[in-house]
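Shown here is one chain on its own, the form predicted on its own, set out as structure tokens.
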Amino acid sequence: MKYAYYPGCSLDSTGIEYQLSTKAVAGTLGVELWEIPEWNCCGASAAHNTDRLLSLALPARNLALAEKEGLDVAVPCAACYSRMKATEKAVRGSEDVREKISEIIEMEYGASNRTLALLDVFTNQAGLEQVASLATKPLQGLKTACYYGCLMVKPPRLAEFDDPEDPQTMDRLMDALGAEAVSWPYKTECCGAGFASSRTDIVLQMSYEVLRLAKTAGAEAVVTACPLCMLNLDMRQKEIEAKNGVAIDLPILYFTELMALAFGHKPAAIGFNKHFVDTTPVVRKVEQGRRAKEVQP
């Protein structure tokens, strides 16, 4: 399988763990990721608040470059995925929009290819049976809260990926990897990412509720597919703890990190050592669960 790959602005910087683990998982699964040459920022999350044509043209250029190669586009970031799906829908739905966008980006773009969330590519497209067969070091005993956030599955008319209120793709992935996905009510609630700079107070409260409910549900780690969610839940966790007078100590991991760990990749090679919240309890719990299963009669 070959896909055009759009890493977006985060995966070489604040989301480096996502990049490292994505490439590791792709290699194990035999998925070829062709990075779009000279890709540009998709405009998330400010462009659509300022100029509609700009918000469509920015993703369209990347999509057009992939379309030239006849490739669907795999997108790790939920925010980037949302903006690219919006452009894809707008161009398919209006010949006038298609012509305007093609003129702006100075190349033809007809939305003949598809935008796919990386989670979709590594689960539904690759197949969970293959994923399970490659999980040589399963995540035995690890309880996870699968956090989809709001942009990957909402609004459903745009995202067209999983159930908007109770998505199951990541939950099924955790099961295939040997982990347990806990039942909890906030898997699609917003962490406040859009207000990360302008209203940090709102972000801290919204992210606190996500972390609190994940912890209450018995999760030992939160699994996400969004660099913006990662920043709020991982980087801001100490600030959230101080503000609310609580100890949370809940590791936040990209789903690709757990896939790569189950596939046998070394934790440091896939970014486990690059988080703000210590991830060694996750590695330790998985190793304990694996040893316990090995000694069972």
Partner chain sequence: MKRVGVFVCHCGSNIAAVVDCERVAKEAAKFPGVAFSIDNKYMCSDPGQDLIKKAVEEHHLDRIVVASCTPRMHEPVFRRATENAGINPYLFAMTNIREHVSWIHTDREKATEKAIDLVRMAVAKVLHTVPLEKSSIPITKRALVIGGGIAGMQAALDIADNGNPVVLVEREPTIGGKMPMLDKTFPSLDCSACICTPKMASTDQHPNITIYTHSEVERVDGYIGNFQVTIRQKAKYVDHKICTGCGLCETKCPNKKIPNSFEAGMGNRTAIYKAFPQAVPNKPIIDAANCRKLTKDKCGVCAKVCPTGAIKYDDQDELITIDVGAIVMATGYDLFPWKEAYGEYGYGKYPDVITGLQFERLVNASGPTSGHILRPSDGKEPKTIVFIKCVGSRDDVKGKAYCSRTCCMYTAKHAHQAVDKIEDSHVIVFYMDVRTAGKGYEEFYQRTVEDGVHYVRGRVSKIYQLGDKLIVRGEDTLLGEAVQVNADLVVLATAMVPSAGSGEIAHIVGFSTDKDGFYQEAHPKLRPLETFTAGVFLAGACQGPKDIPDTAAQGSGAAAKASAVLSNRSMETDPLISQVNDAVCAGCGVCVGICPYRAIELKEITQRAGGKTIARRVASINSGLCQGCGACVAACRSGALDLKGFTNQQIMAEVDALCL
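Remember, predicted model here, so these are calculated numbers, not experimental data. Numbering follows the first chain given and starts at 1.
Just so it is clear, the following notes concern the form predicted together with its partner chain, a form of the same protein that is not shown.
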Non-hydrogen atom within 4.5 Å of its partner chain in the predicted complex for each of P185, E189 and T216
yes
Could you work out which of K137, R212, R114, K143 is the residue within 4.5 angstroms of its partner chain in the predicted complex, going by heavy atoms?
R212
Looking in the predicted complex, any heavy atom of D166 within 4.5 Å of its partner chain?
yes
Contact segment among 172 to 180, 126 to 134, 72 to 80, 157 to 165, judged by heavy atoms lying within 4.5 Å of its partner chain in the predicted complex:
157 to 165
